[in-house]
Ligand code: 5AD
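Read the single chain below, which is given as structure tokens and is the form predicted on its own.
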Amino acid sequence: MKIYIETLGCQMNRLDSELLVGLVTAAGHEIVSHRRGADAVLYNTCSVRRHAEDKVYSRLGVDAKRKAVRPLLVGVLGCMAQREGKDLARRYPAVDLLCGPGQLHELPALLEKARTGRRAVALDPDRKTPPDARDLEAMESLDLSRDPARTPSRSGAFVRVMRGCDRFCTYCIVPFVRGPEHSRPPEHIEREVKKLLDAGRSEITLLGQTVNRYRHETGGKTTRFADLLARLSLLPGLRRLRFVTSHPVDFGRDLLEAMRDLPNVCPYIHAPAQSGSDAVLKRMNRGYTRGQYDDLLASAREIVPDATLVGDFITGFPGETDADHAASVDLIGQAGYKNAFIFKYSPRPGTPAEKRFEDDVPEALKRRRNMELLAAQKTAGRAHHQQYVGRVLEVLITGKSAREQKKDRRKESPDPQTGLVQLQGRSRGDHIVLMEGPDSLIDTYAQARITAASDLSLFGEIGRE
């Protein structure tokens, strides 16, 4: 069967899809790069924002029309399948297969069942039901069975260190669709990382819904996240080690010191603030105050002076006043983020916020506040990037720039005189760096002298290491 997989959402979904490619090909299926000609279309979904779900609803409507013309198997995987369950299949009869994020190991069997014309469903138990040990073992085996050759990049890879979330921010559906926290054994993580390094990957990004809450206990020994970083940092061939996404409450001094002392741990801190207002933070159940978040940023600057800071903000949360919004604008200006992910609040069905609070900020006001936060971040981002002009940064060249990719789609040739193209890379601080060079440099490291900056990226001239 020819299968097309579309991934929506976070890095965790991208990793899940990568593992699924290996799983279904091992079962004898073929992965195709476009839905045209596919026998099955699978959507690996996200439920964090309504916009991501709306995309899936739109695609399911189109798929229903396709199924009227020719046979097509349609599956919804991941968070959206778990949140809506069988209700989704009732509302969209075109759906043949539903699979929750903790049941992805069942996909080959589900595909076989769906091929026979029976609806195939495998959803996770609710949070009140203890996780099935067999499911946890099967998902662990799925991570450990990955084929390094299937990583999208030849230089870097994602590695999951934990599943689920126990933080229960009131706006967030993740604890209900991905279940309780479960930290993977450190020896399994090390084995997976080593396999990737042996295959030539040199940059590893550790993933978790709240990655710095990693804590594994066995045989009377506790491995904290800082301990895990120290353990992995010793592996030969590991040039860069990153992690996302961190919760501010769990970003202790030990983690900052690990970032300072371990040379291959990148000075990159993604710690979502969500709001600069204590009143909003309390309604969000974030577990910290604005003052405590400011203290984290101050400690980061003290211990890791070259750390790059990245934030997240939700604007228009229920009850947000002009003063609350002004506090978020102020925090963006004070923090000096490299970039910040800014979203308008949309109530997610089943979350505490949806049940407790009226969505009382008008949509027009949400849009205006969203634009004001974006404008504040544009100013902060430009100031942050400008300070790198004149410096030389180590850059991992990850591919052609978006501009160059458009040229490729138009079948335009490189500059006939120089043969150079615009390349894109990432610094240790995760800055986007654009520079001219031959495409043979992709997936290699280079030293780039920064010549200019915008609010989102750096521009440089490169020299080979």
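Just so you know, these numbers come straight off a predicted model, no measurement behind them. One rule holds for the numbers: they count along the sequence shown, beginning at 1.
The form predicted in complex with the named molecule exists for this protein as well; it is not shown, and the discussion that follows is about that form.
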Although the partner isn't part of this model, could you tell me whether F343 comes within 4.5 Å of the named molecule in the predicted complex, counting any heavy atom of the residue? yes
Exercise: F243 in contact with the named molecule in the predicted complex, heavy atom 4.5 Å: no
How about R49 - does it come within 4.5 Å of the named molecule in the predicted complex, if we only consider non-hydrogen atoms? yes
D312: heavy atom within 4.5 Å of the named molecule in the predicted complex? yes
The one residue among N339, S277, S155, Q274 placing a heavy atom within 4.5 Å of the named molecule in the predicted complex is Q274
One residue of C172, V95, L296, L256 in contact with the named molecule, assessed in the predicted complex (non-hydrogen atom, 4.5 angstroms): C172
Of 235-243, 326-334, 183-191, 344-352, which is the one stretch near the named molecule in the predicted complex, taking non-hydrogen atoms within 4.5 angstroms as near? 344-352
